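Next up: a single chain in structure tokens, the form predicted alone.
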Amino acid sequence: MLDYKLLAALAAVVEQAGFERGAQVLGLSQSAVSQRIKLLEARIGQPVLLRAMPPTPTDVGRRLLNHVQQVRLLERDLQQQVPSLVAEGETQRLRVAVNADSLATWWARAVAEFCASHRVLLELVVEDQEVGLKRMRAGDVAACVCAAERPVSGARSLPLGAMRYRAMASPAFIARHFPDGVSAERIAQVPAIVFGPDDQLQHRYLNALGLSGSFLHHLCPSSEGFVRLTAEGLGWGMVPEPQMTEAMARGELVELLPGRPIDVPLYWHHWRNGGDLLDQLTGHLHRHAGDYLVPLVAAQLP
């Protein structure tokens, strides 16, 4: 029989990215949490954590964390069926990985009504859409929005739609770097803005233009900051359509090569045994995400 106090210690350390913050969440001393992890490892017979910064789960640790996430969801489901199990005033919390551009554009509108009517608190983990699924594999979240279609073992995926991006730059940047007009070859020679090491959108755009290789770029791990840097003329970048409309209306952004968007498919991944609450959120997203995203059948995927 698993000792869930020990599993809770493992989950807290991984989710809070450290022993000290994990101990604060549990209301324990750091040494007490460390002892619980050691006791868990003694019972399992192998390490469950790599003592790095931040601590990361081993393979068996990930399997235990997957189990913890599903048990939490099943407990929430049981609380809905047996309300007396819920402490007065207690709300339900879901830990979800979402890519930054979704968070900055459509996500809040899509889930606001659901969270209010179901008294759900979200704990959001921001990850690039290309790698968000690693949080599911690590057992760190109950669900995620990412670009991968294939779910991890024990989970399901649901197509939501596609986020459309266009190559944008400020008028000043275009005047400075493209005095003779915008060309594909010249785009590869001027500074770009990239969200982070996992962001491949600018690479995909250049590849679609028949170009490859490295290029000059700024790194900006903020969706809002990305648009701001682009509007201020630091470089060109792939901007989500929902974020560029107002900036274009104000004359702050101009599309470099009109009619050449990049569409990124987005999928909702959730645990198969996640209980009614997660199933209800999945159904809600299935009905409403299409209000903000491009249908996958119409997406342009180079």
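Just so we're on the same page, rigid core means the largest C-alpha set that superposes within 1.5 Å between forms. Start at 1 and count along the sequence shown; that's the residue number. This is a predicted model, so every value here is computed, not measured.
In what follows, reference is made to the form predicted together with a further copy of the same chain, a form of this protein that is not presented.
Of the residues given (Leu158, Ile174, Ala188, Val120), Val120 alone sits with a heavy atom within 4.5 Å of a further copy of the same chain in the model of the complex. The partner is absent here, but in the model of the complex a heavy atom of Val125, alone among Val125, Ala148, Ala184, Ala208, sits within 4.5 Å of a further copy of the same chain. Per the 4.5 Å heavy atom criterion, a further copy of the same chain in the model of the complex is contacted by stretch 246-254, the sole one of 63-71, 263-271, 32-40, 246-254. Taking the partner from the other structure, a further copy of the same chain in the model of the complex has no heavy atom within 4.5 Å of any heavy atom of Leu26.
Although the partner is absent here, Val152 sits far enough away that none of its heavy atoms falls within 4.5 Å of a further copy of the same chain in the model of the complex. a further copy of the same chain is not drawn, but in the model of the complex it has a heavy atom within 4.5 Å of His217. By the criterion of a heavy atom within 4.5 Å, Leu49 is excluded from the residues contacting a further copy of the same chain in the model of the complex. Residues from 216-238 that approach a further copy of the same chain in the model of the complex with a non-hydrogen atom closer than or equal to 4.5 Å are Leu216, His217, His218, Leu219, Cys220, Pro221, Ser222, Glu224, Gly225, Arg228, Leu229, Glu232, Leu234, in the order they occur in the chain. For Gly196, a C-alpha deviation of 2 angstroms or more is recorded between this form and the one not shown after rigid-core alignment.
After superposition on the rigid core, the Cα atom of Phe215 is displaced by 2 Å or more between this form and the one not shown.
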